[in-house]
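Quick heads-up: it's one chain on its own, the form predicted alone, in structure tokens.
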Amino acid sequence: MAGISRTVPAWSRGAIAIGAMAVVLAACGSGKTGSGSGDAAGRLSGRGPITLAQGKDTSGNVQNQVNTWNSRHPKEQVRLIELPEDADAQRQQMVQNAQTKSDAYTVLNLDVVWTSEFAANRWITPLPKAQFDLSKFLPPTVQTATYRDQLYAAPWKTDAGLLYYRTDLLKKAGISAPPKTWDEMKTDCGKVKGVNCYAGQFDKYEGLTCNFSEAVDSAGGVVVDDQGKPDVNTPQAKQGLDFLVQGFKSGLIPKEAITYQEEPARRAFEKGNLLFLRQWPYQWALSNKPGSSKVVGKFDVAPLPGLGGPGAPTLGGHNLAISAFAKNKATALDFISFLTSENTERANLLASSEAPTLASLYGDPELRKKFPYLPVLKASLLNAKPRPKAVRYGDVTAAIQEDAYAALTGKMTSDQALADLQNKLGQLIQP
């Protein structure tokens, strides 16, 4: 997610059965119970109570994981601190905590695009690579947790945008497969009456950065090129942005979607108001939950459509880092190892449908039977494009949001918005 993060939200409730936690390297902790913040070299020392700071736990499953840990570690209890649902507000509170050098937050659940910023500012502590078998994680997730070849976080949950679509309505209209292009999606919508066509996350927040980036990438453009240079004022980027701008003008995208973040978009789909929705994987379980969703068993997911074929989703997700100002960092490292172990990630997928970072889980027969979309999700994750990896990411995403929102609301033309954004990014991003 943006994002939820998400990024972004989680999914259904469920009990967790978790296996044994990996043994912690002796060099990473004191082995004693008590407080300690680690020395100036970033050594991970100190054992005792810690906190986990993250956005609102919409699934309730993070608390289940915390409870499992706490039952096994009575002298090293974890307390969950829930920050606002909005990703930008989460980041702001974490930044404020770091700037005041507060020890209130121990483990930080960071949106993947925040890792570089927090590492560059020395707000988080480097992690020992030997603690984690990085070869077992999906390669894109490891890249998001690394800054200047140093591991600063552990990949915990990953995300890539998917197209949720109403199978029942398409079938009734004689449509046998989900659209692969934007034009196909428009044609499909013309055949289905009484429901809005398409929506995503278009409020002025991190989700808009993801949706804008996906539109640009899916039209063959880029926001930032492979050399780290902004290159968003191009015909390809204009085609991507115009898909969204014209969508609002034509009614392809309902006007109320300009206020949509992840949860309002999810609720609109579950009420039966949308034929297609761009959304993160977490929605699968919630939309299949009897009683609260009107579309149970009536939808499926597919790769996002693009200009001339399948689109390029934005890579989302969350990494776990240790605050540089925290106490009991050895306990924090143990806790991160516990959350990112195969048993825990597997149990979390079963309970919440959140996308795991461990590659082996995508081929697990039991999991694929329960979550038939896993092959589609894995392909989307491996095809996903990262958002700009910038030290000043907060300023970068604010610039993207401002100009994209201005174009969607008609305050700027697409040409004006992209030219303005190119100028801003050129000043903010240094290759």
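The first residue of the shown sequence is 1; numbering continues from there. None of the values given here were measured: they were computed from a predicted structure.
The form predicted together with a small molecule is left out here; the points below concern that form.
- Within this chain, C210 lines the site of the small molecule in the predicted bound form, having a heavy atom no more than 4.5 Å away.
- Taking the partner from elsewhere, F243 is found to have every heavy atom lying beyond 4.5 Å of the small molecule in the predicted bound form.
- Proximity of V112 to the small molecule in the predicted bound form falls within the 4.5 Å heavy atom cutoff.
- Residue contact with the small molecule in the predicted bound form: G317 places a heavy atom within 4.5 Å of it.
- Contact with the small molecule in the predicted bound form, defined as a heavy atom within 4.5 Å, is made by none of E214, K238 and Y405.
- Only one of the listed residues (W182, Y205, Y164, W156) places a non-hydrogen atom within 4.5 angstroms of the small molecule in the predicted bound form, and that residue is Y205.
- With the partner left out here, the small molecule still marks one of 344-352, 228-236, 131-139, 317-325 in the predicted bound form; by a 4.5 Å heavy atom cut-off that stretch is 317-325.
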